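Take a look at this single chain in structure tokens; it is the form predicted alone.
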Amino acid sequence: MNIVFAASECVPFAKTGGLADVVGSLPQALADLGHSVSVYLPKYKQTKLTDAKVLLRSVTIPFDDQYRFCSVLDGGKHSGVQFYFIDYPAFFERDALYGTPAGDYPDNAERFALYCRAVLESSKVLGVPDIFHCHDWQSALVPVLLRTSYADDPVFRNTHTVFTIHNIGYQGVFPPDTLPLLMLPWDLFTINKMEFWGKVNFLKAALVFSDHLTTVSRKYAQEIQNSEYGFGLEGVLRSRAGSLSGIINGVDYEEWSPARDKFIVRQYTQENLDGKKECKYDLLRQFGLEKVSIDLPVIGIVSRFVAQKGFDLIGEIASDLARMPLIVTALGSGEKEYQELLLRLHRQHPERFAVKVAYDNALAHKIEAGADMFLMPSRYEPSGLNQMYSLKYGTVPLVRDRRPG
């Protein structure tokens, strides 16, 4: 079977969250089963490619105001998976993937509409798949376009779509005039298609038009069909319950295992934890805390700094944490409010709060290996790969108790 993955991020090329980990490991697992698998990604400023060959020099993407022309780069074959990159610097050569701490980029609809059309046009030349496997709202227009603008294209007559919801809280909601700008027909602006409280909702459209829907655990598939966790789309999901599957995220233990981790100072195993103490010292050194007692418990955080991940809860107990004999090491980026909260705590209590605002894969591994506990107080967590990593590294996960009362 020929499978094309369409996603906005993937390790090791670009990452903001668990989506990148899944898109980094699932295609490889499918390739190991004998399928032909390729992955299409935007070529971001952060994406490091070595001498990438231009496969398609000019792909024409129509917009209402003008045509835009992107190219497709060969990212090479890794672990049996072919990678392609949509290159359009005006949209993707930016400091962050989706926006700044102050908010999303205002042209995100155009950015990812170009990406989705480029995936479809490129696949006509580079290989038409049996299945497009799309992930989150950034790739949501692929199934929409296949059933509208490309409905009569004989090239895709036998192509089907699977759409995976990684976090339904992020939907891609834009003003109504986005439709004509993206050359999408106005008849999509109805309550049973893309209209959502007077706006256009990319994620909703994918839920309507995809052949099959999946999400990242069986429990989350149930939760998003009720009002507490459905973020307004619970009715759509209930109507498609027969085509919705919950499949738990898997972990790539070739990468996330202390016995073979190439980023940590000393590898260790479940049977022999001696190396974890050296990893703890190395973690403290990474944050400039060599003089702090190695006997103090270290709490690790690797996350997007957003309310969903419970950073408002951390803010409520920050003064209590500062008085405790422990160290918090935090890595990530996100909303301005929570970035500033953590940086302020670091300035006020430099030997209690160590913070790095960035994406740093090597440091993420060091935190999992060197911390004694991993703090993950999410208000809701679709699957949560980091607590799975933590269990493998002997780092106790601390999570929010969501039971009533």
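The model shown is predicted, which means the values in this text are computed figures rather than measured ones. The first residue of the shown sequence is 1; numbering continues from there.
Not on display, but discussed next: the form predicted together with a small molecule.
A.B. asks: Taking the small molecule as it sits in the predicted bound form, is Gly384 in contact with it (heavy atom to heavy atom, 4.5 Å or less)?
C.D. replies: Gly384 belongs to the contact set for the small molecule.
A.B. asks: Any chance Leu283 has a heavy atom within 4.5 Å of the small molecule in the predicted bound form?
C.D. replies: Leu283: no contact with the small molecule in the predicted bound form.
A.B. asks: Does the small molecule come within 4.5 Å of any heavy atom of Val216 in the predicted bound form?
C.D. replies: Judged by the heavy-atom cut-off of 4.5 Å, Val216 is in contact with the small molecule in the predicted bound form.
A.B. asks: Should Ser122 be classed as touching the small molecule in the predicted bound form when contacts are defined as heavy atoms within 4.5 Å?
C.D. replies: The answer is no: Ser122 has no heavy atom within 4.5 Å of the small molecule.
A.B. asks: Tell me which of 229-237, 273-281, 163-171, 260-268 has residues with heavy atoms within 4.5 angstroms of the small molecule in the predicted bound form?
C.D. replies: After filtering at 4.5 Å, what remains is 163-171.
A.B. asks: So the small molecule isn't shown here. In the predicted bound form, which residue out of Arg94, Arg304, His212, Lys193 has a non-hydrogen atom within 4.5 Å of it?
C.D. replies: Among Arg94, Arg304, His212, Lys193, a heavy atom within 4.5 Å of the small molecule in the predicted bound form occurs only for Arg304.
A.B. asks: Note which of Lys309, His133, Arg117, Lys204 lies within 4.5 Å of the small molecule in the predicted bound form, where distance is taken over heavy atoms; exactly one does.
C.D. replies: When the small molecule is considered in the predicted bound form, the option within 4.5 Å is Lys309.
A.B. asks: Even though the small molecule is not shown here, does it sit in the predicted bound form so that Gly18, Val22 and Asn249 each have a heavy atom within 4.5 Å?
C.D. replies: Every residue of the candidate spot has a heavy atom within 4.5 Å of the small molecule in the predicted bound form.
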